[in-house]
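Quick heads-up: it's one chain on its own, the form predicted alone, in structure tokens.
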Amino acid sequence: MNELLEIRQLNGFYKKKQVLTGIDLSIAPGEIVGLVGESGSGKSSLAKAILHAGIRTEGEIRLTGKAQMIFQDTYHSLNPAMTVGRIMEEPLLIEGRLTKEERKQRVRDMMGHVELDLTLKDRYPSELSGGQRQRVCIGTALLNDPKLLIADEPVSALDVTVQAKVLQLLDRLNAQDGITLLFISHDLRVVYELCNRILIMKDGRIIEQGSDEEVFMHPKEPYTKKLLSAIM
């Protein structure tokens, strides 16, 4: 199977500071890969490198198709002056291929797909719960027809019950639609629940990787063991 994403010997820099060193990874279509590390380990920098967003890179990044980002902070990633329906219609409007009614129907269909009540389309982000806002973000990202979703701490600001429902949604989107997911988190417990494979980052490097069972049950690196001890 051809890889959806291939990264080889990637270095990344903010101004003169090196934040990524020698990154090698590949993600196959349909995989759910967890990227785990503490704050400052380089997780978000790697996501920005994949998206070519605000970081200088050296090395090779090959991505087949589009990638879209889902952020932790739904307050700042959703325009507070727009209704849900208008927010979700925006990528279709920019693309410019569909009529107004076709766009509105796509938005209605997507709202149902991410389990949002259609009555919410005329609400503003401030009127929604955290879980509802995250579903709006997921649905809006999917309207661009991405092959890869990069989810940067998408459930860390949610309570445990809502976390579980959002994780179930992501799992369903993977199973039904074949969406490939790079799931970024500091919490190995959440990653173990969702992901097929786990990458551990520290100081801008991937220091350990393997299946969810291998990393969770038989960690090799002291840093991985430290992360696991924090959730035991």
Ligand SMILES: Nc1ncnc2c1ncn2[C@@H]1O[C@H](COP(=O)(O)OP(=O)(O)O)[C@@H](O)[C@H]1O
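Throughout, we count residues from 1 along the sequence that is shown. Predicted, not measured: the structure shown is a model, and the values here were computed from it.
The discussion below concerns the form predicted together with this ligand, not included here.
Worksheet item: With this ligand left out of view, which of 68, 57, 180, 45 would have a heavy atom within 4.5 Å of it in the predicted bound form?
Response: When this ligand is considered in the predicted bound form, the option within 4.5 Å is 45.
Worksheet item: Would residue 17 count as a contact of this ligand in the predicted bound form, using a 4.5 angstroms cut-off between non-hydrogen atoms?
Response: Heavy-atom contact with this ligand at 4.5 Å: present for residue 17.
Worksheet item: Does residue 176 make contact with this ligand in the predicted bound form, using a 4.5 Å heavy atom cut-off?
Response: The answer is no: residue 176 has no heavy atom within 4.5 Å of this ligand.
Discussion item. Check residue 40 for me: does it contact this ligand in the predicted bound form (non-hydrogen atoms, 4.5 angstroms)?
Written reply: Close contact exists here: in the predicted bound form, residue 40 approaches this ligand to within 4.5 Å, heavy atoms only.
Worksheet item: in the predicted bound form, which of the stretches 24 to 32, 166 to 174, 45 to 53, 192 to 200 has residues with heavy atoms within 4.5 Å of this ligand?
Response: Comparing against this ligand in the predicted bound form, the contact stretch is 45 to 53.
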